[in-house]
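Given as C-alpha coordinates, the chain that follows is alone and in the form predicted alone.
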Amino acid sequence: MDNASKDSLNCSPTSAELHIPFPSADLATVAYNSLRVDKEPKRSTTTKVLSLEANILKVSFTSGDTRQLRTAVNSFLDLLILVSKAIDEFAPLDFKI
(Lines give C-alpha, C1' and ligand atoms only; values in the text may rest on other atoms or scores of the structure.)
Protein backbone atom coordinates (compact mmCIF):
# COMPACT_ATOMS: atom_id res chain seq x y z
CA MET A 1 0.00 0.00 0.00
CA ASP A 2 1.47 3.39 -0.99
CA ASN A 3 1.69 6.39 1.37
CA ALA A 4 -1.30 8.19 -0.20
CA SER A 5 -3.50 5.19 0.56
CA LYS A 6 -2.20 4.98 4.11
CA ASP A 7 -2.88 8.70 4.64
CA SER A 8 -6.51 8.44 3.50
CA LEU A 9 -7.44 5.43 5.66
CA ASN A 10 -6.15 4.92 9.19
CA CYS A 11 -7.55 1.90 11.01
CA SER A 12 -7.29 0.21 14.37
CA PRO A 13 -9.49 -2.65 15.54
CA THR A 14 -12.12 -0.29 17.00
CA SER A 15 -11.81 2.88 14.93
CA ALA A 16 -11.44 4.14 11.38
CA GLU A 17 -10.76 7.58 9.97
CA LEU A 18 -11.45 8.59 6.38
CA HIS A 19 -10.21 11.73 4.61
CA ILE A 20 -12.20 12.33 1.43
CA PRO A 21 -10.91 15.07 -0.90
CA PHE A 22 -13.30 17.05 -3.10
CA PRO A 23 -12.43 19.34 -6.03
CA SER A 24 -13.48 22.40 -3.99
CA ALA A 25 -14.44 23.44 -0.47
CA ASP A 26 -17.96 24.22 -1.74
CA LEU A 27 -18.48 20.67 -2.98
CA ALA A 28 -17.07 19.29 0.28
CA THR A 29 -19.61 21.45 2.15
CA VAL A 30 -22.46 20.08 0.03
CA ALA A 31 -21.38 16.52 0.83
CA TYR A 32 -20.87 17.34 4.53
CA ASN A 33 -24.33 18.89 4.85
CA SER A 34 -25.90 15.92 3.06
CA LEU A 35 -24.14 13.25 5.10
CA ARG A 36 -24.16 14.77 8.59
CA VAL A 37 -27.91 14.30 9.03
CA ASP A 38 -27.60 10.49 8.90
CA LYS A 39 -27.08 9.38 12.51
CA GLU A 40 -26.01 5.92 13.59
CA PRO A 41 -28.85 3.73 14.92
CA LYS A 42 -29.32 3.82 18.70
CA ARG A 43 -28.76 0.07 18.94
CA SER A 44 -25.29 0.52 17.46
CA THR A 45 -22.23 1.08 19.64
CA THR A 46 -20.61 2.91 16.72
CA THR A 47 -20.21 6.68 16.76
CA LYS A 48 -19.50 8.80 13.69
CA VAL A 49 -18.04 12.31 13.68
CA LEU A 50 -17.86 14.37 10.49
CA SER A 51 -15.76 17.49 10.05
CA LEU A 52 -14.52 19.72 7.24
CA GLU A 53 -11.07 21.12 6.56
CA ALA A 54 -11.09 23.19 3.37
CA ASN A 55 -11.93 20.67 0.62
CA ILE A 56 -11.38 17.57 2.80
CA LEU A 57 -14.31 15.77 4.41
CA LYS A 58 -13.06 13.93 7.49
CA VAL A 59 -15.03 11.10 9.05
CA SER A 60 -14.09 9.30 12.26
CA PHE A 61 -15.77 6.09 13.38
CA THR A 62 -15.33 4.42 16.77
CA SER A 63 -16.99 1.22 17.87
CA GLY A 64 -16.81 -1.44 20.51
CA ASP A 65 -17.33 -4.13 17.89
CA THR A 66 -15.40 -4.60 14.65
CA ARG A 67 -18.41 -6.01 12.81
CA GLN A 68 -20.51 -2.94 13.64
CA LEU A 69 -17.58 -0.73 12.64
CA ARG A 70 -17.34 -2.45 9.26
CA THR A 71 -21.09 -2.14 8.73
CA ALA A 72 -21.06 1.57 9.63
CA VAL A 73 -18.13 2.34 7.31
CA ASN A 74 -19.69 0.37 4.44
CA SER A 75 -23.04 2.14 4.91
CA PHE A 76 -21.33 5.52 4.98
CA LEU A 77 -19.41 4.73 1.79
CA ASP A 78 -22.66 3.72 0.06
CA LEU A 79 -24.18 7.09 1.04
CA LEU A 80 -21.02 8.92 -0.02
CA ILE A 81 -21.23 7.33 -3.47
CA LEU A 82 -24.88 8.39 -3.73
CA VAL A 83 -24.08 11.98 -2.71
CA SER A 84 -21.13 12.11 -5.13
CA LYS A 85 -23.34 10.94 -8.00
CA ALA A 86 -25.98 13.54 -7.08
CA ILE A 87 -23.33 16.28 -7.02
CA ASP A 88 -22.05 15.15 -10.44
CA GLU A 89 -25.57 15.09 -11.85
CA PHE A 90 -27.07 18.25 -10.36
CA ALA A 91 -24.25 20.68 -9.53
CA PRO A 92 -24.26 23.66 -11.92
CA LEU A 93 -21.37 23.73 -14.37
CA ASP A 94 -20.20 27.05 -12.95
CA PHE A 95 -20.17 25.72 -9.36
CA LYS A 96 -16.84 26.59 -7.75
CA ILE A 97 -14.33 23.89 -8.62
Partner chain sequence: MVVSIGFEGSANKLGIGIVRDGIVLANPRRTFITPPGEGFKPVDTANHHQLNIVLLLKEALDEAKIDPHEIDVVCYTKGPGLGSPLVSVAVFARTVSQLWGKPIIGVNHCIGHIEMARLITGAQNPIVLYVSGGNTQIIAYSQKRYRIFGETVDIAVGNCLDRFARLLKLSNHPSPGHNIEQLAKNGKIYVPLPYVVKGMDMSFSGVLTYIEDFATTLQEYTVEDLCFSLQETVFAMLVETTERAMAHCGAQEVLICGGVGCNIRLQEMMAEMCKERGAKVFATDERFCIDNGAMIAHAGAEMFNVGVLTSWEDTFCTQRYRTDEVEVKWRNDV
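Positions refer to the first chain, counted from 1. Everything numeric here is computed off the predicted structure, so don't read it as measured data.
Absent from the display: the form predicted together with its partner chain. The rest refers to it.
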*asked:* Is it the case that residue 50, even though its partner is missing from this view, gets within 4.5 Å of its partner chain in the model of the complex, heavy atoms only?
replied: no
*asked:* Would you classify residue 66 as touching its partner chain in the model of the complex, given a 4.5 Å non-hydrogen atom cut-off?
replied: no
_Contact label in the model of the complex: residue 34 to its partner chain, heavy atom within 4.5 Å_ = yes
*Closest heavy atom of residue 85 to its partner chain in the model of the complex, within 4.5 Å or not?*
yes
*Listed by sequence position, which residues of 76-92 have a non-hydrogen atom within 4.5 angstroms of its partner chain in the model of the complex?*
78, 79, 82, 83, 85, 86, 87, 89, 90, 91, 92
